[in-house]
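The data below hold one chain only, encoded as structure tokens and taken in the form predicted alone.
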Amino acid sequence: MNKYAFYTGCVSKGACPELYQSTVAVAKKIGVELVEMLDVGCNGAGVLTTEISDPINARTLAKAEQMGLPIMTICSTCQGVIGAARLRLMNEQYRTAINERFLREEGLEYKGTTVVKHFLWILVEEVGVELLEGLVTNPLTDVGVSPFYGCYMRRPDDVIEQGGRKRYLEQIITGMGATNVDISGKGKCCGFPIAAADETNSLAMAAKHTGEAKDKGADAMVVPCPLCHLNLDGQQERAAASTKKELGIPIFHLPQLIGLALGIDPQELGIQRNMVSLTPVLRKLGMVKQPA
């Protein structure tokens, strides 16, 4: 059984609890053991300077190192920020300085050995798409799904470490029996980071990505980041109104998409919390009665 120190991040315990809920359900189904990290802080989300966030992330890395486990993330922002901090902390001189100044008082020391992987990477590289395919009981036949990675899951190359990881969502989509509907904006920003500073452009970005998926015939999109979900799903109605464009395309969290194909009850995956209803997809799969 694969076992990981589970770094949930803030959003899956706040605005998107359905992500936490569906991750736990899928992990149990595929034999992945999660040991939740409860005594760790926010990674800084790319907003804090490295002078502030690196000591916080060094502490998280040291905690996982103490547990003897790799870290699993479920947010691409968490992955990108912690992953970048881990690379900086590979410098022994810098790591020693962080340990001496910030961690030693708590009896911690980060030695530089912790591996940090997003759930998506674990699914493809360690669980394996073939194993997942073998567990599919409810193939997503004839459902078109557009992948949306967002900012941190495809760049920078030294943080994501493998070029092949830029195509993992597509492998999961087709592995679950769905049809991949490619969009040009899949590796671009969803608009969430500028929502407070420039709401107009943030909504326009959300409308552009969801609109492209809809125009290309997708039934839904899938995201590996709850912040992307907050903008593409949570703000979709406002994005449609502000750009005068009809949207209404459901946005799956990654484990929701997988869980549906693995036969997990939709309610257990928290789909009732998604702002844009997933009922059209469920109806297409014969999981809801057709309207009379």
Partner chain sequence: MDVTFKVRRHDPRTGGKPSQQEYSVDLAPGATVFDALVQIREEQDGSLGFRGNCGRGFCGDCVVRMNGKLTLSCLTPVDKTVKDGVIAVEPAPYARQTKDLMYDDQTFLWDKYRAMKPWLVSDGAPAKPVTEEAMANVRTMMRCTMCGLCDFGCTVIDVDQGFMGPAALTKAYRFMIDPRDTATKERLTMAGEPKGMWDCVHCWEASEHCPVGIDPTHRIMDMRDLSVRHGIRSGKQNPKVARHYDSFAKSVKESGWLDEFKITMDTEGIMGSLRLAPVALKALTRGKVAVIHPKRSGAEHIKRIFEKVEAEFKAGQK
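Predicted model only: the values in this text are computed from it and were never measured. Numbering follows the first chain given and starts at 1.
The discussion below concerns the form predicted in complex with its partner chain, not included here.
The stretch in contact with its partner chain in the predicted bound form, judged by heavy atoms within 4.5 Å, is 187 to 195, chosen from 187 to 195, 119 to 127, 211 to 219, 172 to 180. Contact here is defined as any heavy atom lying within 4.5 Å of its partner chain in the predicted bound form, and by that definition each of G14, P55 and K166 is a contact residue. Within 4.5 Å of any heavy atom of its partner chain in the predicted bound form lies no heavy atom of V136. In the predicted bound form, none of the heavy atoms of V143 sits within 4.5 Å of a heavy atom of its partner chain. Using a 4.5 angstroms limit between non-hydrogen atoms, V35 is distant from its partner chain in the predicted bound form. By the criterion of a heavy atom within 4.5 Å, A241 is excluded from the residues contacting its partner chain in the predicted bound form. Contacts between stretch 33 to 66 and its partner chain, counted in the predicted bound form as any heavy atom lying within 4.5 Å, involve M37, L38, D39, V40, G41, C42, G44, A45, G46, V47, L48, T49, T50, E51, I52, P55, I56, R59, listed in sequence order.
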